[in-house]
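Below sits a lone chain in structure tokens, taken as the form predicted alone.
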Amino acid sequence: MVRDIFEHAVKALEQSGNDNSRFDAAQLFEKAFGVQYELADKSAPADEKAAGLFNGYIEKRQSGYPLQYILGEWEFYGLPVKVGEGVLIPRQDTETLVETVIRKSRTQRPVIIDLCSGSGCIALALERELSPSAVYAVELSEQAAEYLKQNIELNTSKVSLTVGDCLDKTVIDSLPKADIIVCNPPYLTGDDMRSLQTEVTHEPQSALYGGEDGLDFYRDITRAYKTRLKHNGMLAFEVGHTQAEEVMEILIQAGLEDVRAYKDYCGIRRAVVGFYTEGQNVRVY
């Protein structure tokens, strides 16, 4: 019966150390059977083909393979986002960055640049919420860029994609001056990388590792892009849970103004924002 297969899956996930076993099983059930478990006839015999798919998904999940990769799609800020191997999984932490940028934006119909864009989730969410005049997404990984292209199409978006290194001068010079430059860069430290949870090891290390102290990209992107901001332009970063003070100092030392950190729903300072005032003493170092 359907109920027996489902409950066996929940138990199997629990035994593998999964703390969200019932939620994960329900998500994978819907993918395999094409119906939500809550709406399924639980006393009916399980379709053999769908049951085989379901059990295969459960086995992958037991091994620590990310739920989002098995599903192939995840929701971010109310938008569907295609994901898979080679692209960072959108997380709720990053919704704090999006909410902060929306709240602090000083410009109507801004020009937005999203660096280290990955799946494009930030660019897509800001496009929908801020009605910008243009959004540019920059992503180095060709594998991740393929998902970004799919997500632009899936969400009927007008985001413009540049596949390249956001720190390459050619890429920088190809972008217009922006009202908002936003980035969720790789920010895990060397110690973080040496103690990753099994699930996270499946995600691209290039999207995770930010140098031994985790701050390499904050320094480099601030240096490269602060003068690409228009007057009153915003530079906004997602930061690791202990990095807010250090990233704020990087922006302050670069000459940005009104530099502040903003908390997520767990009280962790997760977004750091600074503003460029035209004619101020922005230091090039």
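Start at 1 with the first residue shown and count on from there. On a predicted model such as this, the values are computed, not experimentally measured, just so you know.
From this point on, the text means the form predicted together with glutamine (GLN), which you will not see here.
**OP:** Choose one stretch from 122-130, 107-115, 84-92, 139-147: the one whose residues place a heavy atom within 4.5 angstroms of glutamine (GLN) in the model of the complex.
**Re:** Stretch 84-92 is the one.
**OP:** Give a yes or no for Leu208: in the model of the complex, does one of its heavy atoms lie within 4.5 Å of a heavy atom belonging to glutamine (GLN)?
**Re:** Yes, Leu208 lies within 4.5 Å of glutamine (GLN) in the model of the complex.
**OP:** Using the partner position in the model of the complex, report whether Leu71 sits within 4.5 Å of glutamine (GLN), counting heavy atoms only.
**Re:** Contact check for Leu71: no, nothing within 4.5 Å of glutamine (GLN) in the model of the complex.
Subject >> Close approach of Leu167 to glutamine (GLN) in the model of the complex, 4.5 Å, heavy atom >> reply: Judged by the heavy-atom cut-off of 4.5 Å, Leu167 is well away from glutamine (GLN) in the model of the complex.
Original post:
So in the model of the complex, does any heavy atom of Phe76 sit within 4.5 Å of glutamine (GLN)?
Top reply: Close contact is absent here: in the model of the complex, Phe76 is far from glutamine (GLN), nothing within 4.5 Å, heavy atoms only.
Original post:
Only one of Ile172, Leu161, Ile152, Val200 has a non-hydrogen atom within 4.5 angstroms of glutamine (GLN) in the model of the complex; which is it?
Top reply: Of the listed residues, the single hit is Val200.
Subject >> Residues from 154-188 in contact with glutamine (GLN) (non-hydrogen atom within 4.5 Å) in the model of the complex >> reply: Sequence-ordered list: Asn184, Pro185, Pro186, Tyr187, Leu188.
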